[in-house]
Structures are given as C-alpha cells and as structure tokens.
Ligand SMILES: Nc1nc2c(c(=O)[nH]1)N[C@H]1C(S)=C(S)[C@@H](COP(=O)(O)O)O[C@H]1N2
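Starting off, we have a lone chain in the form predicted alone, written out as structure tokens.
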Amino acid sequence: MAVTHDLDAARAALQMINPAPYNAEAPPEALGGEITPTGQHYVRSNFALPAHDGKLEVGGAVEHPTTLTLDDLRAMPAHERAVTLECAGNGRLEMRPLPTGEPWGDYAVSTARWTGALLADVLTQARPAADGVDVRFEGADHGAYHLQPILPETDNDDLAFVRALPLAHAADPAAEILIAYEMNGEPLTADHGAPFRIIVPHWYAVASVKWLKRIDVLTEPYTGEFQTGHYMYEWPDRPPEPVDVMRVRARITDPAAGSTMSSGTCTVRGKAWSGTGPVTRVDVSLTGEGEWHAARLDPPSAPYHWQDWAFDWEANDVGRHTLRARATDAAGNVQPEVPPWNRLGYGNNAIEVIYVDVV
C-alpha cells in the first residue's frame, strides 16, 4: 500500500497518457526552467515496473566478466551531466494519418541532472574483445507487449526491453554515456529506472535503458523488437532507418497556446534542442507564410540540454494571432513545416504553430 501511495504522489503533477504500462507527459510549466523537477519529468514505460535484484552483470565478448552493485558503481569516479531526454514518439498526435503507438502530445521531453559512472569506464574494466561490434543493454522490465510486434520471432507473451549501441560509441569516454544512479541529486525513483539506468546524451530516450540489469558485448550487430522492429523510421518512400539522435526542435513555452493576452509588448519564450546541436538560431513568424524574425538565443550552458530563446513581439492588434518557432542547429538542420511522417510516428520535429487572442 505504501508503494502505491508513493507512486501516486510521485506521479501527481504529470499528465497521464496510459495507466498500464504507465506513461505520462510533463506538465507545460515543466518546460519553463533549466532543469525539470523529478516529479515533473515525463515517464515512458513499455512494461510494468519491474523488480530488480540490485546487480548489474557485464559479460558477453569480454575478457573480464563481472557483476556490479550500486556500491561498486558509486566507488567509481562520479560524473554529473544535465541531459535533455525526449521520447521518440513526442508529437505523434500531430501526424496525419495518425500513426500507431502511444498518443503522445508535445510534452514527452524533460531535462534532469544525472549522476553516475561512465559506461566507458565499466567497459574498460571488462576489456571488450577485439571483434566486438555492439553493446547490448537489457532492462529488468518485461512482460506481454501491448503493441503488435514487428519481428516474427518476437515472444509477445514475455518480452524484455533490450537496446544496443555500437561498441565504438559506447566505449568512447567523450560520448559521456552514464550508468546513472542519481537524478537531480537524489537516488533514482522507480519510474525513472532505479537502481540504475543508462543515459545516452543526444539520442532519443529509447536508448537510455531503465532498470538496467545486464550489459553484453556482442560480436554481431544486435537485432531485436526494440532495435530493428519498433523504433525504426518506416518511411513511405525509402528504406527504413533506425531511430537514433534527436531531431532539431524549438518549443514555445510562453505565451500558452490558446491563451488570451492584453495588447502591448509580449516576450515570447521557449526552449530549443538538437541531437546534432547545439542550436545556433531560432526564428519566430507571426503569420502563416510571412517573414521570419530572429529570436535571442542563449548559448548552450552545457553540451547536452536545451537552450532558452526569447522574442519581443509588439502585439498591438486586437484579434487572433499565430506564432511559429523554427530552430536551426550547428549541423545545418532546420525544422520542417510538415511532420516527417513514418508509420510508427517517430521523430516529429515539425515547426510548432500556436495561436493566441489579443484583447
């Protein structure tokens, strides 16, 4: 009973999408600050909350297989990084025709401070084999999968959540991939992967496996339901591609969509982020097809999280007005006008359009 009560309290501020498995968006106000409070951080789950024995096995094609505990991870050099995590299905509801999958709106994105050991340090201790290709991450969460599986070999009655990264990326200290055990200075909560999870900067959050229980180095590319089945861009006009880094995106956080405001100077504010960032420019448009105006964009204060932007709008004309925000990143990627439609509804980074009424 106490566990249920604690979960209910932890989830009280969120906008529930699905009670089982539990999925919930952050409240709109959670995008206002630099760091999202733990209780307002969105939650993505594929299965029910799992039991965990507190052990992390590291094996496969390695010279030194090992089993680590939370104390073992805490004894290693600790690293703290602020990281924006976005669900790959964020914005799915805005795609047409509506894809299959959880009906996410626009608030499956949050930024927290994560503390943990570097994955690269753990792999260095394990000594991967020279012919290693991928690193496989298995979570303790498993069960009957609520969506139609894509791979014919999938056991839909008892499926575990498993993802993989290329060994070259996983073992690179510069990638700063964490085996995290703290979130915003406190131990991980149940919804966010306690006792430890992977945090993969720049990538959609599907790569950041929660409730981590096993890491294996593989000598063949990994295939699995959550790697090469789901979490693939199934395009209508070209071959499928894996879901990996976050696409460039800007959000308007103030004024609120559909709000009524008094005429006069209004400072439009928002957040912008990109997996191939940093974001180098945000533009705002006040019509459906007119001129774009450069917003003030804060420089990145750290490499892995969103940036603030602002634009002063002289809202002197009474009536309904549209606002659009468009981000560009350092790699030259620019948000598209139309969502990049794919069958499972991933990676929607289309330009946001809201309206406000000026009175």
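Computed from a predicted model, the values in this text were never measured in an experiment. Note that residue numbering begins at 1 and tracks the sequence as displayed.
There is another form of this protein, the form predicted together with the ligand, and it is not shown here; the text below is about that form.
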query	finding
Candidate spot D121, Y181 and Y304, all three touching the ligand in the predicted complex (heavy atom, 4.5 Å)	no
Stretch in contact, per heavy atom within 4.5 angstroms of the ligand in the predicted complex, of 309-317, 40-48, 64-72, 27-35	40-48
Heavy atom of W273 within 4.5 Å of the ligand in the predicted complex	no
Proximity of Y231 to the ligand in the predicted complex, heavy atoms at 4.5 Å	yes
Contact label in the predicted complex: P201 to the ligand, heavy atom within 4.5 Å	no
is_contact(F161, the ligand) in the predicted complex, heavy atom dist at most 4.5 Å	yes
Position in contact with the ligand when the complex is considered in the predicted complex, options C87, M95, A194, C266, heavy atoms within 4.5 Å	C87
Partner-contacting position among V206, A126, A82, L165 - heavy atom within 4.5 Å of the ligand in the predicted complex	V206
In the predicted complex, residues of 133-155 near the ligand [heavy atom within 4.5 Å]	G139, D141
